[in-house]
Ligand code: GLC
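Here's a solo chain for you in structure tokens, the form predicted on its own.
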Amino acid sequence: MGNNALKTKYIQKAKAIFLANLMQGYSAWKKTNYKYIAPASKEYIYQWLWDSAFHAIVLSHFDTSWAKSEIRNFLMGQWPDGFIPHVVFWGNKKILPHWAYIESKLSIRPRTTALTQPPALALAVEVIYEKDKDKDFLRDVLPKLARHHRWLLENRDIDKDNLISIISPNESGMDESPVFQFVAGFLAQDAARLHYYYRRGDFLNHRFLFNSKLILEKDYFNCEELVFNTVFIQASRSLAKLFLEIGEISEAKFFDGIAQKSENSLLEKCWDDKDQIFYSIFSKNEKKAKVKTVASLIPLFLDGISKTQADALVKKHLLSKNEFWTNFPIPSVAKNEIYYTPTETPFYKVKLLWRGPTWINTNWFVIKGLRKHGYDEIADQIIEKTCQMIEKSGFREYYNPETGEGYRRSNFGWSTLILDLL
């Protein structure tokens, strides 16, 4: 099947998935109607930050009006100080899942979490704008996104190195990645204790009322994480470009400067000369979390990565059959790491995520980076393998990188990102 025919097929499938996962109603909290695409029709029924960005990117291929609505709906959950949470709890359920209370400020009925996520909304806004050139949309949403970026710089960069710290594994979007075992101080694989160590920081965040500066000063969970910062940098570039489109020269210069300084810092501080790969850094002492995950490859998405660094990531790591070049790439953990588990990872009835399976949203970042830096043939191969996974198992939450078997939720929203890659 050719790309055009496949794209037509996937457009129809994306429409069906988005309609099946559509949530809408009236919010007494905001005194307005809401409408958004949940990641899945079960369990993930609220509105997530970077999921909404990915959904909007896919929507831009067939309905820019709906794509803009997805962004605007999420931004209704922005806090007065500019902070954008990672989940907005629309709807009228009185009791939320347990994690909602752990990740939110103390409340009988929290409306949003008090954590954030990679700030991908500006990336989506740029894609949408490329399709329909709606400057009124830019005038509406850019100031809100800019306030969040400024909030991150003010509250999450206490060492002023232009890298943003996260205060919980959940803020990375890659919740139980082994990267955070280094940050939390537990490197063994005992699932029960691992779950405790990952949640310990969230309980402490509650104790300190989610005061970011105080939490980072305490240093119990302080991670300048690769995915979050790569997205922050490129989203800042998107803001710079888009502010230029509406004549906001000073804002464009500001965010262009932020992107450049943050990128320089990441490329210098997170690169490991010996291993020829990027690692997230943690604590005030800026230790490297030396475990190879898909996050180590995502700096390919940056505009300014050097040819030397890009070549090392691709030729030494991505294409290595001992690391990331599996039958269905790209695994979330390298094959030669002790944490690599290609199947679902059981924790009683709960699954630990990001321990080996392939995810289409992280493939999206790496493929975009490969295209950006001239590795088109490799990008094409990963796209072909990703399509094979989808044809075999449908639009699943994640996949076995060796067999292509799909796991967990079916008709998962961001797996439709394949549409943007064809």
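Keep in mind that this is a model prediction, so the values were computed, not measured. When you see a residue number, it is the position in the sequence shown, counting from 1.
Note that the form predicted together with the named molecule isn't included here; everything after this is about it.
Out of the listed residues Asn229, Ser332, Thr112, Gln117, Gln117 is the one that sits within 4.5 Å of the named molecule in the predicted complex by at least one heavy atom.
Each of Trp50, Asp175 and Trp354 places at least one heavy atom within 4.5 Å of the named molecule in the predicted complex. Heavy atoms within 4.5 Å of the named molecule in the predicted complex are found in exactly one of 40-48, 378-386, 22-30, 58-66, that being 40-48. In the predicted complex, at least one heavy atom of Phe412 sits within 4.5 Å of the named molecule.
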